[in-house]
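Consider the single chain below, provided in structure tokens and representing the form predicted alone.
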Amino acid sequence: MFYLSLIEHTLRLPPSLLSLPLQDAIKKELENIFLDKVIASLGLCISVYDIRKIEGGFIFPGDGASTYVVEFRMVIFRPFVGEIIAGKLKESNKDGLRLSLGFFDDIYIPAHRLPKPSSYEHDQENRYQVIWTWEYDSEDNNKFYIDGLDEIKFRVDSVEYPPVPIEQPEKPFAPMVITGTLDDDGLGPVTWW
């Protein structure tokens, strides 16, 4: 789920940060550039772990900032396919569920990846959402609800990095999308098991 990635970056350090010790100034600028950003095929940048090497300090003609080549390690969030993760329900509709980990919200469970047989009914309290129900044993009329009160365990099916759209889409663009499933033993709201 979390990895340490070694990254080399050419960094322009603004003059306003030169009053700080060099290591602190570079770390602050790296955090401004990378934190909460997705690097394609690498994952979501969580924090700068450490700075391994700093080279340079050149000031180019016509520029008041110094430029460094920095080698550093970054903590990256990138779940692997098959990993079991627990999240909270953020949204539910007829197409499936959207889950959140608190720091990452683009996790989708499509309706066809919910436990079978599943059905939904419109939520009386929130007209834009639905409540999904797993009908475990139709003879005993056992129904288990996905109501958002509990953590939901899901298995990661895919991690995708869609290309940046040329035109602005109606909904916000997600640079990393995780698709999961609840259709297996032990998955779903933790109170089910």
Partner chain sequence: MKIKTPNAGALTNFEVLDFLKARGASKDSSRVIAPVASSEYKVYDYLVETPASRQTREQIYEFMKKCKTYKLAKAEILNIINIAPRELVEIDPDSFNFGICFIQCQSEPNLAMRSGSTVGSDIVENGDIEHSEMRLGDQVEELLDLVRNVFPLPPADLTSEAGMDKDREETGNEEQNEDMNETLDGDQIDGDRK
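Positions refer to the first chain, counted from 1. If you're wondering where the values come from, they're calculated on a predicted model, not measured in any experiment.
This protein has a second form, the form predicted together with the partner chain, left out of what is shown; the following refers to that one.
Taking Ala65, Val130, Val48, Val159 one by one, only a single residue has any non-hydrogen atom within 4.5 Å of the partner chain in the model of the complex, and it is Val48. A residue is said to contact a partner when one of its heavy atoms sits within 4.5 Å of a partner heavy atom; Glu83 meets this definition for the partner chain in the model of the complex. Using a 4.5 Å cutoff between non-hydrogen atoms, Arg98 does not count as a contact of the partner chain in the model of the complex. Under a 4.5 angstroms non-hydrogen atom cutoff, the partner chain in the model of the complex has Ile39 among its neighbouring residues.
Interface residue remark: His9 is counted as part of the site for the partner chain in the model of the complex, having a heavy atom within 4.5 Å. Shown without its partner, the chain has Met1, Phe2, Tyr3, Leu4, Ser5, Leu6, Ile7, Glu8, His9, Lys27, Glu31, Phe34, Leu35, Asp36, Ile39 in segment 1 to 40 as residues with a non-hydrogen atom within 4.5 angstroms of the partner chain in the model of the complex.
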